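Given as structure tokens, the chain that follows is alone and in the form predicted on its own.
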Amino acid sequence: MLVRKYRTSDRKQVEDIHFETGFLGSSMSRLLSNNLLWKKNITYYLEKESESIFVLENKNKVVGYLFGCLNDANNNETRSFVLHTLKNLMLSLFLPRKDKVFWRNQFMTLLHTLTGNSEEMNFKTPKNAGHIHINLLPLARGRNLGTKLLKEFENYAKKKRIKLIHADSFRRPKKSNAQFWLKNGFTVYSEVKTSIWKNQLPDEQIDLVCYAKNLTLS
């Protein structure tokens, strides 16, 4: 499989992968009727910093991606999550009931967090850093391809004189991806219990973990 820089012609495939992996690695189709609003969460990467995206290509088809942001100040993830949730709640009024329920639940979770009733308010990310998101379709998993994407981005970031990057990831008891980050030189920067997926998985404790890596040491 080939790792290469993102092209604008890849956009639809990337948006589809974002939807098919959005629910803790599985499809959001269980929760939403389509990706109309879900894909708005990645607009920044596709339109403002597409030069920091790398994709994984197999037989002329994109099967995975790495979104990169070289400076958190340009795309604060917490602020983006709040704004996207509020906007999508309003837009979902014109969509099927399935979508209305999902975005209403997301809003209630956000409200729960902002009023200090959950641990998410204690979640910390490093200052003066960039961040990444990696998503792969099932056929590309378990083959060291996520590491290949990561290495390409790290080489790119070092050339841009970026010293620190982080990745925020959900950790599940039986499906933890912690080993991926640790084996690639990341360390746990912070972790909290999260209620983001409480409505979908009420009996499962999920943690939100920030993994950080100092690029000057590698």
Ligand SMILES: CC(C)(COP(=O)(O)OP(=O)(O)OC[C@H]1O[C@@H](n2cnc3c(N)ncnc32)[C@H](O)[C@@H]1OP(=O)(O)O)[C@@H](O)C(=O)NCCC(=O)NCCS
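Bear in mind that the values here come from a model prediction, so they are computed numbers and not experimental data. When you see a residue number, it is the position in the sequence shown, counting from 1.
The next section is about a form of this same protein that is not shown, the form predicted in complex with the named molecule.
Enquirer: Where does the named molecule sit in the predicted complex: which of 30-38, 153-161, 46-54, 180-188, heavy atoms within 4.5 Å?
Expert: Residues of 180-188 come within 4.5 Å of the partner.
Enquirer: Which pick from Lys124, Arg143, Arg104, Lys98 sits with a heavy atom within 4.5 Å of the named molecule in the predicted complex?
Expert: The residue from Lys124, Arg143, Arg104, Lys98 that makes the contact is Arg143.
Enquirer: Among Ile134, Ser169 and Ser176, does every residue place a heavy atom within 4.5 Å of the named molecule in the predicted complex?
Expert: Checking in the predicted complex: Ile134, Ser169 and Ser176 are all within 4.5 Å of the named molecule.
Enquirer: Do Thr78 and the named molecule come within 4.5 Å of each other in the predicted complex, heavy atoms counted?
Expert: Although the named molecule is absent here, Thr78 would stay clear of it in the predicted complex, with no heavy atoms inside 4.5 Å.
Enquirer: Within a 4.5 Å heavy atom cut-off, is Asn71 in contact with the named molecule in the predicted complex?
Expert: Looking in the predicted complex, residue contacts with the named molecule do not include Asn71, since no heavy atom lies within 4.5 Å.
Enquirer: For the stretch 16-49, return the residues whose heavy atoms include at least one within 4.5 Å of the named molecule in the predicted complex, in the order they occur.
Expert: Only a single residue, Gly25, comes within 4.5 Å of the partner.
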